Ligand SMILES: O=C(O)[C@H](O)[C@@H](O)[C@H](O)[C@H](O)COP(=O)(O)O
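Given next, in structure tokens, is a single chain: the form predicted on its own.
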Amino acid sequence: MSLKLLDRMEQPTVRSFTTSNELSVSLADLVTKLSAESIEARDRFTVGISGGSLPKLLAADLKHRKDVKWDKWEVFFCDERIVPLEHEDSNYFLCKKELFDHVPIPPEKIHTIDPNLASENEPKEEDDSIDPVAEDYEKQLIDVFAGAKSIKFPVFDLLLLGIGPDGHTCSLFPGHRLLDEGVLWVAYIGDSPKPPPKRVTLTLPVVNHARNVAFVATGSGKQDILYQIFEDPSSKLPSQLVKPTNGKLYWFLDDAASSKLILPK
């Protein structure tokens, strides 16, 4: 299904499902398809995963697929909380429990932050998007995507994004200065409105350079923000600013979340 949306951007694919299980199967179908196509074209599949409810929905069916070349995956995180990797707030920890413990992705291809680099001091105001943890994670991206070549931004095969009730995605929050970041690949945020406050996040240009971006949102608690995203482009919410330059945009919703939207049958 497609829907007219936001300015003149390419129409996204919007899918709404009766149950979360149906959503998970369809999402796994897309991930499996894109993985196969990317590996055939570039001998790898670069994917960014978010936290929240997404890892469980992603893994529910995907972890049972037998036709995925897991050893060709390069996994990053769209954002991460600066906490120990075994902490319950860690997106890596959540993804490990739901997906990584069940599929044979080589550990060296799951790229995590190094929380031990966290500085006790806040970055200086004039350089407030720079932090040792963010710098290190950007270097990991450069190693995988740039190599000896100079590129402006990495091009992920797929980014899997969630959406907050305020319209935030990754750790990009409404009205925050990081929405204007146009150079960095990975940025530090020390004042996240949602705890924990210290995080790193992919920047908006990185998100919009992806070949494919898929939002996943479920539950009645997302009704109002989804209505605002689709019906009020003047809001300029972070999730509305996700407009892949040369890529495709997907929305995977359940009927509870999409109940206020008018979707084609």
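Given the structure is predicted, the values throughout are model-derived calculations rather than measurements. Counting begins at 1, following the sequence as shown.
Keep in mind that the form predicted in complex with the ligand is missing from the display, and what follows is about it.
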Contact label in the predicted complex: Lys152 to the ligand, heavy atom within 4.5 Å: no
So in the predicted complex, does Glu74 come within 4.5 Å of the ligand, heavy atom to heavy atom? no
Glu138 within 4.5 Å of the ligand in the predicted complex, heavy atoms: no
So in the predicted complex, does any heavy atom of Lys198 sit within 4.5 Å of the ligand? no
Thinking of Asp79, Asn91 and Ile163 as the candidate spot, does the ligand come within 4.5 Å of a heavy atom on all of them in the predicted complex? yes
Among 229 to 237, 32 to 40, 65 to 73, 51 to 59, which stretch has residues with heavy atoms no more than 4.5 Å from the ligand in the predicted complex? 51 to 59
Of these, Arg177, Lys194, His102, His87, which has a heavy atom no more than 4.5 Å from the ligand in the predicted complex? Lys194
Find the only residue in Leu159, Ala187, Cys170, Ile113 having a heavy atom within 4.5 Å of the ligand in the predicted complex. Cys170
The ligand in the predicted complex - contacting residues of 212 to 241, heavy atom within 4.5 Å: Lys222
